[in-house]
Every structure is written in C-alpha cells, then in structure tokens.
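Below sits a lone chain in structure tokens, taken as the form predicted on its own.
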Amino acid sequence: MESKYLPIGFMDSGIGGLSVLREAVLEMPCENYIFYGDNGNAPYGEKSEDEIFALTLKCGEHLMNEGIKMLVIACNTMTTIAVHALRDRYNIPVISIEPAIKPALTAPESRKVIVMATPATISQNRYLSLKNRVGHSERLIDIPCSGLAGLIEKGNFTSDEIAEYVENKLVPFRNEDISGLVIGCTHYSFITPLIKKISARVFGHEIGIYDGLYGTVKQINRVLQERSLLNDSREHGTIRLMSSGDDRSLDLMKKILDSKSISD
C-alpha cells in the first residue's frame, strides 16, 4: 500500500486526544485514522516523569505496529515528556501539541492570561522553554489542575463536580485583570463551554479561550502536504479506536466521536 493511504495514528493518555482527532476529521475527512487511548493508565498528569515516558513509548509502539504514516501525540503531558524520544525513534513525521500561549499573549489588548494544564505539563522544561521563547511570561498565571483530567475521563462534561472544580481554581484570581485562558490539556477541550461560562461569571466579563488543538491540526495538514502524504481519495476515511481500558472506555470514545460538537 502506498504510504499516503496508510492511517494517521493518534495517541493520548485517555479520551482527551479525541478532541484533536475530531477536528482533524473535519479538516481532512478523506484520511484514515487510528486512535489509541491509554485509558487503563489514565490520567498521566500526576504520574512521575519516568512512568509517563515509559507509557508514552508503549503507546507509540502500539500504533507503529498498526502501520501508520504519521504519529500525532494528542496530549500535552506526553509531548512534554517524550516527544524528542519518539522523533528520534521513528522515521515518520511525529506531530505534537503545545499550549497556545503565544496567540493568547499576542492577541489585541491582551493582559493577564491563565494557563490550565496538568502538573506534569506546567513543570517540564519544554513548557518553560516555550514561555521563554514567547516572552511576556510575567503575564501568565499557571494553574496546575491535578485530578481534572480524571474527572473528565468519566465522560460527563457538564457535571457539578467538574463545574465546582473549575470555579474553585479560578476564584482566587477573580481580582486579576484576566483577558484570556489557555486550554493546556486536550481533556479540558471537552469542557471549554463550561470553562467559558464559569470564567465569565468569576471575572465579570467574557475572556478569550485559546486551544492548541486547532494549530496542531493545521500542522498535520501542512506536513502531510509537504511530504506528499495527503490521502487523495474522494471517499471518507475510516476511524479505528483502540484502548488499554475496558469496553466502557471504547463505548465512551464512540459516543464522543458520534456527538455533534465538543460542547455537546
């Protein structure tokens, strides 16, 4: 089979990366996709660096064994720990995601910006280097959200438990001059409408929400074109779901992909 007809492999610590996959399907409907969620070990954000590294490499091996033309790390925590190792290991394009702090900080009339992410993402050198490259880091307020990905992994994106969690994280900063909030974990993309609603109530006005998944999908498209790997079929591609978890994890994945939008 020609390389361009091989599937694109997506991986995440759980369901979060499906937010990136869904956007990719909208942008590139003719591509074939395989998604691997390590639901059996989710969430990653509070695990040690060594644990995350080993689990990420294992996820990569699962997808490489399926025969893919591109590997997408649809998880900020995986990216911060293991992206360089995966790029050194494989001879196919490896695309990663990072928090969208640049567009948040460079937006017109940008003031202070909140970054909600896992403790692992916020503490790693890759994120610190990103802040140094972008500059204006004094306007960033990093909020480590331990346990939030685990709540989202349950599948109820509008639960009172999640709403209370988000509000408790934002309230301490209600007197800050906040203009934007960065979604620093692909799990959190599923609760963006809830975050937007709560932040408007806490800060007394709507703030901009910035999510790196959109830039990641554009990069996937760009690299496929540059490498002549775009699937030129006129038919809709296939999506195959894989999980290290149980049948409930797969059922939740299917439900998410079948829903109309992330805000559902």
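Just count from 1 along the sequence shown to find any residue number. This one's a predicted model, so the numbers in the text were calculated from it and none came from an experiment.
Just so you know, the form predicted in complex with a small molecule exists too; it's not on screen, but the next bit is about it.
Asker: Give a yes or no for Ala104: in the predicted bound form, does one of its heavy atoms lie within 4.5 Å of a heavy atom belonging to the small molecule?
Answerer: Ala104: no, not in contact with the small molecule in the predicted bound form.
Asker: Does at least one non-hydrogen atom of Ala149 fall within 4.5 angstroms of the small molecule in the predicted bound form?
Answerer: Yes, Ala149 sits close enough to the small molecule in the predicted bound form that at least one of its heavy atoms falls within 4.5 Å.
Asker: Taking the small molecule as it sits in the predicted bound form, is Gly60 in contact with it (heavy atom to heavy atom, 4.5 Å or less)?
Answerer: Answer no; every heavy atom of Gly60 is more than 4.5 Å from the small molecule in the predicted bound form.
Asker: Does any part of Gly212 reach within 4.5 Å of the small molecule in the predicted bound form? Heavy atoms only, please.
Answerer: No, Gly212 stays farther than 4.5 Å from the small molecule in the predicted bound form.
Asker: Which single stretch, out of 186-194, 124-132, 159-167, 81-89, brings residue heavy atoms within 4.5 Å of the small molecule in the predicted bound form?
Answerer: Looking at the other structure, the answer is 186-194.
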